[in-house]
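Single chain ahead, by itself, as structure tokens, in the form predicted on its own.
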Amino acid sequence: MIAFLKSLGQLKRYPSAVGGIIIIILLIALAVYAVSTIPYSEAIRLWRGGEDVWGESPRLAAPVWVDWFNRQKMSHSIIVSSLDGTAERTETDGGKTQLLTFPVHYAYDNFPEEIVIFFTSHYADKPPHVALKWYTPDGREIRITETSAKAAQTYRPGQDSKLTRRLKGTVAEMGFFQDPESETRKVLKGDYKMVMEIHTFEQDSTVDAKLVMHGQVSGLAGTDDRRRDLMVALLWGTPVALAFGLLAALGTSVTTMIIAAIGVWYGKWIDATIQRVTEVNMILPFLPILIMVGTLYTRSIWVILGMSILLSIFGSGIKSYRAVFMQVKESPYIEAAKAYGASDLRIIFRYMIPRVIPMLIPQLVTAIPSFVFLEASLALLGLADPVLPTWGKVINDARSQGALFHGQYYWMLEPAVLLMLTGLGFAMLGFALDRIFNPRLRGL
């Protein structure tokens, strides 16, 4: 053990190992942050929710850092609600008439992508009546609409044909913010407000509303075509990828080494059977079998993980470990163990396997990203777990929606960069460990 720890201490001599360790630590920190700040049930709700979850998110919005590279300031999402106190409420006529004022400070160079108003009202028989008006910084008043506020209602001014005609053929997203003095479509910056006049017909009737203006940029990772925040998938994809890669690599490497040691020690028909099974398994198509399982049986990531381990156990690694164990078996300390009456299992697990562990570690580390890429590849083929948000699923969604064709490069590049960093970090560390523990490479 002391010699083993001393060998690990040599990692600081290799800059590649230091860089790989830094990348791996950052990935682990990201995974811990995701699990601790976004519980599993909340992550699933955010990723598979509906209008109630995604209603405040814009569709296909770029990350906020994209705005740093533009000359014009892109629009951000603005949310003003009577529920959180950002909208001002005043009452007249004994509470039967109410005014909700929604202040909007608009300082962007581009128009909002979409405007949505959410109503929530409580009444017994007759719904309240609401009238919406829009006031601009230069004193103009624009009548939006008049309607009855149902219990849960959504109004989109941009889809109101009557409002578009009142704005002289301009949709609300532009007509509300357009500078009338400009010959081109230019934003008039300043303080706007939307006023909602509410008339109630029952004693305890109430109305609340939320004004949502979807911007062109949103969040650190942007949103997809379903208004989902991509940061949820990028964060939770990290623990999923690391867990899948580590469990698959650990289960495959350790089990393969144990099987090889058992075959070498007992020999005869046991070793012959293991070698024949290995040779048959090596010619089986690995990826097509996983595709068949995902298509015909289940897409659960845990079933895919089990099948990956099962198909990888009897791989070429058994041949490599067998060659090493054949030499270890003839070592003097093995003969000494047999002489004092050590059992077969004690010799295998106490004397043979520990001798080969230094050879296992580099292979284990370098195998982790291969399984991470395997999970992403299956997701890219549409065989991802239907529940978990993963990097591969994000890439598959971006590909199917033509993200690169429409210029939404962030959608594809963000998970791809994380995959590349994962592969780079483990590869750099694995190659350095191979140099330390492999006698043939130790002097290089």
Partner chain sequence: MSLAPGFSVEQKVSERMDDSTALPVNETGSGPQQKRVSGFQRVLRFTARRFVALFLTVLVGVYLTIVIANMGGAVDELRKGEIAQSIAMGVSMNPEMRRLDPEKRAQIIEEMTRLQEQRLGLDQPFAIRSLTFLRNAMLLDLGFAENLTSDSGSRFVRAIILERLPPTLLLMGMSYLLLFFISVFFALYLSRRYGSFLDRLVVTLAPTSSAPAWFYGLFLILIFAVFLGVLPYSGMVSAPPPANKFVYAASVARHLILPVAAVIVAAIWSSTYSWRTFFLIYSSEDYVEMAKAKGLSSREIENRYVLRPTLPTIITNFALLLIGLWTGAIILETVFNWPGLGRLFYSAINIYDTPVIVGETVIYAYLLAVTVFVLDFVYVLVDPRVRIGGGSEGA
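Numbering follows the first chain given and starts at 1. Given the structure is predicted, the values throughout are model-derived calculations rather than measurements.
Beyond what is shown, the protein has a form predicted together with the partner chain; the following relates to that form.
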Whether Arg45, Ser300 and Val303 all lie within 4.5 angstroms of the partner chain in the model of the complex by heavy atom: no
Location of the partner chain contact in the model of the complex, chosen stretch of 35 to 43, 61 to 69, 375 to 383, 22 to 30 [non-hydrogen atom, 4.5 Å]: 375 to 383
Candidate from Gln153, Thr255, Thr170, Ser320 lying within 4.5 Å of the partner chain in the model of the complex - any heavy atom: Ser320
Heavy atom within 4.5 Å of the partner chain in the model of the complex - residue from Leu310, Val328, Ile291, Leu247: Ile291
Heavy atom of Pro285 within 4.5 Å of the partner chain in the model of the complex: yes
4.5 angstroms heavy atom contact with the partner chain in the model of the complex for Leu424: yes
Exercise: Pro369 in contact with the partner chain in the model of the complex, heavy atom 4.5 Å: yes
4.5 Å heavy atom contact, Glu279 and the partner chain in the model of the complex: yes
Partner contacts in the model of the complex for 178 to 205 (non-hydrogen atom within 4.5 angstroms of the partner chain): none
